[in-house]
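Take a look at this single chain in structure tokens; it is the form predicted on its own.
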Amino acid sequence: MQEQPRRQSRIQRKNRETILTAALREFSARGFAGTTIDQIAEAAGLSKPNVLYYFQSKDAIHTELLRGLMDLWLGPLRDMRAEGDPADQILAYARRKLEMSRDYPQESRLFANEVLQGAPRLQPILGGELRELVEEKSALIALWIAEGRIAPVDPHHLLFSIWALTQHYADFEVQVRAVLGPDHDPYAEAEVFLDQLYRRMLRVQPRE
């Protein structure tokens, strides 16, 4: 009979979350190569052996963070539905991605660092679950175009542009805030700009 995994105690769960939170901060700032178990342990306020009790290696911590991040990252795209107005659905997706850049900047930078390194720990997801989801939603966008409900655009590059224009505010937040200055709310202003940009792009032009 296979032994069932033991349930973690409240303290064990708390320690795991503390380690993951500290590791996220270190990885997003230093990248994978620039981060050590010793740095994670110090940031978590735990000993190195204590960290290694919960995670066998730095790679194991990084992989768990990325898996959790991808679940979070794919959620808004999964929520794009065939029902409702197509432009509203696409704008809701762009808006949610912008909100995630605002609310999860460290996670965004963790993902960006991984991709810049060739995504060695994300390739199965990028070429599998993400690709399948993008194909599904691209087919939906293509259907809306064929029905004349939105203007013709390349569905894949429409999604790529949303990723680029929203994640920029997290990955280059220091630059954005330095350029705009302290009197601006970059995320509120970006939401207005993206709404205007994509509504104009997707609006079907009347036939003359």
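The model shown is predicted, which means the values in this text are computed figures rather than measured ones. For every residue, the number given is its place in the sequence shown, counted from 1.
Keep in mind that the form predicted in complex with another copy of the chain is not shown, yet the notes after this line are about it.
Participant: Of A60, A146, A139, A33, which residue is found within 4.5 angstroms of another copy of the chain in the predicted complex when only non-hydrogen atoms are counted?
Facilitator: Exactly one listed residue reaches within 4.5 Å, namely A33.
Participant: Given that another copy of the chain is not shown alongside this chain, does A190 nevertheless sit within 4.5 Å of it in the predicted complex, heavy atom to heavy atom?
Facilitator: Within the cut-off, so yes.
Participant: Check K48 for me: does it contact another copy of the chain in the predicted complex (non-hydrogen atoms, 4.5 angstroms)?
Facilitator: K48 lies outside the contact set for another copy of the chain.
Participant: So, in the predicted complex, is R131 in contact with another copy of the chain at a 4.5 angstroms heavy atom limit?
Facilitator: Output for R131 is yes: heavy atoms within 4.5 Å of another copy of the chain.
Participant: Just to confirm, A82 within 4.5 Å of another copy of the chain in the predicted complex by heavy atoms?
Facilitator: Outside the cut-off, so no.
Participant: Could you list which residues of 159-189 come within 4.5 Å of another copy of the chain in the predicted complex, counting heavy atoms only?
Facilitator: Read in sequence order, the residues that approach another copy of the chain (within 4.5 Å, in the predicted complex) are F160, S161, W163, A164, L165, Q167, H168, Y169, D171, F172, V174, Q175, V176, A178, V179, L180, G181, P186, E189.
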